[in-house]
Ligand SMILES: Nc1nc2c(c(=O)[nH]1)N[C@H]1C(S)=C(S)[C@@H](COP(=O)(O)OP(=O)(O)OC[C@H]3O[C@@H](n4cnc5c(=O)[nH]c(N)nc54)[C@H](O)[C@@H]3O)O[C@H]1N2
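Next up: just one chain, as structure tokens, the form predicted alone.
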């Protein structure tokens, strides 16, 4: 008999997930602290430093508690990433604490039900960990420790990774590589021998000319990047924007290039052609640090602006003028490499092309270009050695993507489906909604069907939790200690995350969950520390810093090394040649083009439009839509449709339509934004909406999901990135879908 059968069977109820009521602000929401605790709370305002968790920038922040109640969050003036200011999302972070839709208790899927049925049993933490540990031991006995994988996106994932490695399981990955930044890092490593990094090492505040290719500064709102961009604009920097959509950044530009989507490499090759043929590249930098320039110059000689005009739709003279603008301001001139770089399937080469234009400008380790970042190497905690790994990792079996230097999340998914080179039977998913964060949703569901165990840790009941066997409710970043953050930036620093308030319903932090699970697995000796602060203090003090000062200030700084060559920064290039590789012998040896080439991508059939997607300033991915404060700012997305296209369809601004992709997949209804600020051959849809979890009533079917429409995916052959801008949609009006 099911050990939980004595418990009340639960479907969706307020007792399980919280009610659907949401607060419109912190002042209008009932405090979750008990009356007794409130009586004891100190009067006045208490300020506690932490760092934000809403996007990867992880800005230093200060939580304000007024008369024992959470009041507000502001930027930490001591922190370089926030500079004392937070973005819209950061200041709205208090909404996580006050949301009534949060997960409250551990859940186990009702025995005999299917994944996705949303039928649960509420259990204790001990019962949840016992269930997980027993299932892990069973899977390990049948398939070995290699049959597990972790998917994570957040600092707390480090503790689950530690527990799984102690168990002998080394497979892990984050969608942020194969679905976002991977091609960028590959392209720059192939050229300069180093990553761009996160946050990006772009010295925008000192730039005199900035070029953006599909980079939406002002809409993705990476805090100090946006502040520095504003500073550069104020100081008179010229801006070049190439984008099919007239974005916020484009409205500030000196040169706007309404490029045809999918033709970035053609534009970049034409810029290379102009810089080389007009002899306006940085000859000193190329001579001192470059290799293979002669072969490179021969390759780009054919790519004139006139040739590029036929591909990009951009006037040849505009291509020349913008290239000259870059050269005139070099080396204080930069093409920003961007963040979401998985677009067309040749993205590593596309980002290598961006790296090559930057190399021609000579801006590596130069003021106004790319600076040499500083970081603090915080010693790892002295744990016992992990069990030896005697198997190849499941994300890239056989090295099919030879230039991948991080785990490929979709590679793990594929192995889970095919069971080659071995079966993957257990997934741990931490703080990432794989239903929205990985493309080709049906493949994700197919992989989940092949699992014997799926454990999901989250704050909200997102779509992925509906397919779990066990759901673990995490405390929000305002309520927990977490792993240290030591970013590589201008000044080397360490930031601490510490609780501002107690969790409202007994939710737990990742470190506590991972430690308790390890103990259930008889691996408690891998957690020799009793409390997270013991762990944090050991690491901080072993790095030579005061833990007490870090807690007090929220950030500590180390000694800063030179940022630029002119200040003494070393010019090291960790490529095979030790030089900036204009012509890549390692690519040629691996069977790839040594210099990027342009290839035409798939085109839409008549009546279809290329689907583009991006961010909104008040939301991050699909993780903030249930935050009541941020939800109130933008509860649904809109699809941008060119005014002439809308007129031909008889569609009015604000009208609700549906989108149907080339494979017949239909979206929810979505409001149209009829505008002249987008090309006629594409539409644009902000990411993260159209969520289908009925447990999140505030977000359920609000807007359309771009992720659900991305069923055509092409894989980058260099590093396994998933190209997602190869999908096309047609517009479906109410008369059509009703019929």
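Positions refer to the first chain, counted from 1. This is a predicted model, so every value here is computed, not measured.
One more form of this protein exists, namely the form predicted in complex with the ligand; it is left out here, but the text below deals with it.
- Using a 4.5 Å cutoff between non-hydrogen atoms, residue 581 does not count as a contact of the ligand in the predicted complex.
- Contact between residue 475 and the ligand in the predicted complex is found at the 4.5 Å heavy atom cutoff.
- Put simply, residue 612 is close to the ligand in the predicted complex: some heavy atom of it is within 4.5 Å.
- Although the partner is absent here, residue 462 sits close enough that one of its heavy atoms falls within 4.5 Å of the ligand in the predicted complex.
- Shown without its partner, this chain lists 275, 237, 261, 145 as candidates; in the predicted complex, only 261 has a non-hydrogen atom within 4.5 angstroms of the ligand.
- The contact with the ligand in the predicted complex, taken as any heavy atom within 4.5 Å, belongs to 710 out of 674, 62, 710, 670.
- Only one segment in the set 467 to 475, 546 to 554, 354 to 362, 651 to 659 has residues whose heavy atoms sit within 4.5 Å of the ligand in the predicted complex; it is 467 to 475.
- Although the ligand is not shown here, in the predicted complex the stretch 591 to 627 places heavy atoms of 612, 613, 614, 615, 616, 617, 619, 620, 621, 622, 623 within 4.5 Å of it, in sequence order.
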